[in-house]
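Below you will find one chain, with nothing else, as structure tokens; this is the form predicted alone, and questions on how it binds or moves follow later.
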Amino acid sequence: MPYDYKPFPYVAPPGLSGPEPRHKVIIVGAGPVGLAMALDLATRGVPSVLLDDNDVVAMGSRAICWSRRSLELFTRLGIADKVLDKGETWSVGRTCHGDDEVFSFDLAAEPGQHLPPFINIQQYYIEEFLAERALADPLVDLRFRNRVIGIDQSGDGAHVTIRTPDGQYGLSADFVLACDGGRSTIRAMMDLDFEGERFDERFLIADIEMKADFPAERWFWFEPTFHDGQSALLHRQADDIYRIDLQLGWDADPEEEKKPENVIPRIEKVVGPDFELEWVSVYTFQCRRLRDFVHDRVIFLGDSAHVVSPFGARGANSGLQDVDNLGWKLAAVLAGRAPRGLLDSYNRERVAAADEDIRHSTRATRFMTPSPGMERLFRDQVLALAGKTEFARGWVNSGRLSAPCIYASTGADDPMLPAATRPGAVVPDVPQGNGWLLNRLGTDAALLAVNCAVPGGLDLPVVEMQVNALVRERFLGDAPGALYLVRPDQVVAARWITADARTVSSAVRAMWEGRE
């Protein structure tokens, strides 16, 4: 059955009848990033007002491919079970040249993980699940049909002007978080623009409903016969909905291509005639970002801060990693636990992460849509070799799949310990007793003790890890034991084979000051 787009209730805000007290945080945009940001702050005891100019979830599937790291965040926010029950998990990707498969991969080969590498579920379900949680949370004031039409900053706060069906009002807050997407009105009102590259290429994306036995796998075709030698992608989603992406070329007229009489014959060549067209859109490749994500009291996250070409699932997943990075830092600043300079580390780390995503997406775009000459020759030769030789398959680029960024870090490190858990990397999950390590970490910093004595006198939660084969491989290597200082976003801040209380305390101070 087609998704039922039920409107959320509009409630006249109190600011229409009199001035509201100053808020700690105003979040603009109730998409996945804005909703997750409000809930993440709520888990840390920070109230927020979340404003959205609409009253329904996103139309069409939009972001569909959610990574393991996003599922780990959804676990903390209380929606992972719903996502896993509704979505289509997958780990196998198949790459074809023409109509022939040249190679495949299986991301499930990594042992010791309780969450799948990726799950496909339409963005409207993610927004629905997050909105339900937000509406039930007393620390989230979610206001629909509240459109921000003005913003200004003073030295100690920011003020927004809001239009509602009942009139205009204003709100002030310590910080405003812009989560209002690629066409951000906040960004436009502040006269900020993206830097980066637009590509002369368009893709058509369509949701179709059909009963079929296509497995829940990622299928990518270079130059298939069913699509005039261009590229195509197929993903299975929830409710027997399939996503099809078809390369169009820059000369295609987007409005003409979206007409059902033009879309349906294209899709029939891929899957046959037995389907219903649910939604269609046309997008242009671009890989761009703001120069800076922090502008005094206004902070940008998600597509309002950076946009990439969709192949590789780096859009929404990267936005959720912005949430992961900013939430604990903003909560600490608001509580007086950390200086405002800690927010500079959000800017530094997430700008670097955006640049990494942009590099991967740009390379994928150039491989999928090569320019005439050497780019085209290289692409064609790699595809020809990939079906015959193992070494060439790593060069085939249909989108390097999203993975957490490893931040540059000056945190204490012992080179004897495994590289996978170095400072700046997200702590890998491993089995612990009847559960999992990440579920034992709360929303604060913690010290992981792996077969190692813990220094006394530390005001820090300690998680004593049980040593098993995976723990030894990922946390110890050849070392007899180790201590790991883990940030509230589950990123390693520092690690030692042995350390005294003074050394650990110094690393903790550096973490809260954004110096690690």
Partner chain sequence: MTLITTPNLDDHDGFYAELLAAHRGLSETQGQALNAQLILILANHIGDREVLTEALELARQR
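Since the model is a prediction, treat every value here as computed from it, not as a measurement. Numbering follows the first chain given and starts at 1.
Another form exists, predicted in complex with its partner chain; not displayed. Remarks below refer to it.
In the predicted bound form, does residue 96 come within 4.5 Å of its partner chain, counting heavy atoms only?
So residue 96 does not count as contacting its partner chain.
At 4.5 Å between heavy atoms, is residue 105 in contact with its partner chain in the predicted bound form?
So residue 105 does not count as contacting its partner chain.
Any of the heavy atoms of residue 377 lying within 4.5 Å of its partner chain in the predicted bound form?
Residue 377: contacts its partner chain in the predicted bound form.
Indicate whether its partner chain has at least one heavy atom within 4.5 Å of a heavy atom of residue 214 in the predicted bound form.
Residue-level check for residue 214: no, no contact with its partner chain.
Heavy atoms, 4.5 Å, its partner chain in the predicted bound form: which of 262-270, 389-397, 233-241, 321-329 makes the cut? Say which one.
Careful reading of the contacts points to 389-397.
If you check 282, 382, 412, 151 against its partner chain in the predicted bound form, which one has a heavy atom within 4.5 Å?
If I apply the 4.5 Å criterion carefully, the residue I get is 382.
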